[in-house]
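Have a look below at one chain only, the form predicted on its own, in structure tokens format.
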């Protein structure tokens, strides 16, 4: 009996922390989402689904949702495309290839808070690095973070720059695991570069692509550091993303009920999205090289 229980005893420490720091907060948030709990209601008052109804009627919620979708789609498509392109180029380069790998991967090791401060300095009008070089080329100064039309794209650029090196290294690992005999066979058969990529290279790295796609979704929906440091959701909520909106409601406005409701909506959305992705795309992934 003890031998059967022994493996589970080794799992107890990890399970303990998983319950305390993951499962309990999730179920606590779901529980609190059914209560009014803010400055007007210092004690929790059960109100059923009223928090959800209030949120769906709030135009700020839909604005934040739209921003989050734009941010996620943009960072996923652009960062994965650029990372794959860079991985292919680095995989070809022999001279100073280690230098290129380190240079492209370096932003990944910088904390997002530090990266946001660097980019915030670069975005400063008049004497920021970007405006300095644009001014030398004869372009007018741009108020990158205070213009509602481009502020979100300025935040997106930070997210892409921060993670593109990490995704490139993962793609590079996949490219280097492709048997050279397959590429040689395709060349012998007369396949051009586009055909080799479409029918040999990309299918063989599909498992890496799928993994990068999943973590990219998670990273994009967790974005908060750059928003907090660079814009705090402004101007006019144009850069407000879902996680920052949760923080804002729960810890700045002390509307714990709405904060818990937003958290619950995000959890449900992620569960449904990931489940759908694994059931649809995940079954088409090739895992053996």
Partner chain sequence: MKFKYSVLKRLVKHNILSHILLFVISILVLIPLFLMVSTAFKSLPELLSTDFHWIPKKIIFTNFRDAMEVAPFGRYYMNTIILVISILAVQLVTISLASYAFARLKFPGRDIIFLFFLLQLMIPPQSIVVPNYITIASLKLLDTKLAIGVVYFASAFGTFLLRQAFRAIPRDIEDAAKIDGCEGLKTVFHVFIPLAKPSFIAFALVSVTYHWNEFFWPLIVTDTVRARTLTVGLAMLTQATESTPEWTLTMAATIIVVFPLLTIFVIFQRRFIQSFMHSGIKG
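Residue numbers count along the first chain shown, from 1. All values derive from a computational prediction rather than experimental measurement.
The same protein has a further form, the form predicted together with its partner chain, not shown here; the description that follows concerns it.
Although the partner is absent here, residue 177 sits close enough that one of its heavy atoms falls within 4.5 Å of its partner chain in the predicted complex.
A residue is said to contact a partner when one of its heavy atoms sits within 4.5 Å of a partner heavy atom; residue 10 meets this definition for its partner chain in the predicted complex. In the predicted complex, residue 222 approaches its partner chain with a heavy atom inside 4.5 Å. Interface residue remark: residue 35 is not counted as part of the site for its partner chain in the predicted complex, having no heavy atom within 4.5 Å.
Among 173, 187, 148, 73, the residue placing a heavy atom within 4.5 Å of its partner chain in the predicted complex is 173. Stretch 250-258 is the contacting one of 233-241, 250-258, 48-56, 64-72, since its residues have non-hydrogen atoms within 4.5 Å of its partner chain in the predicted complex.
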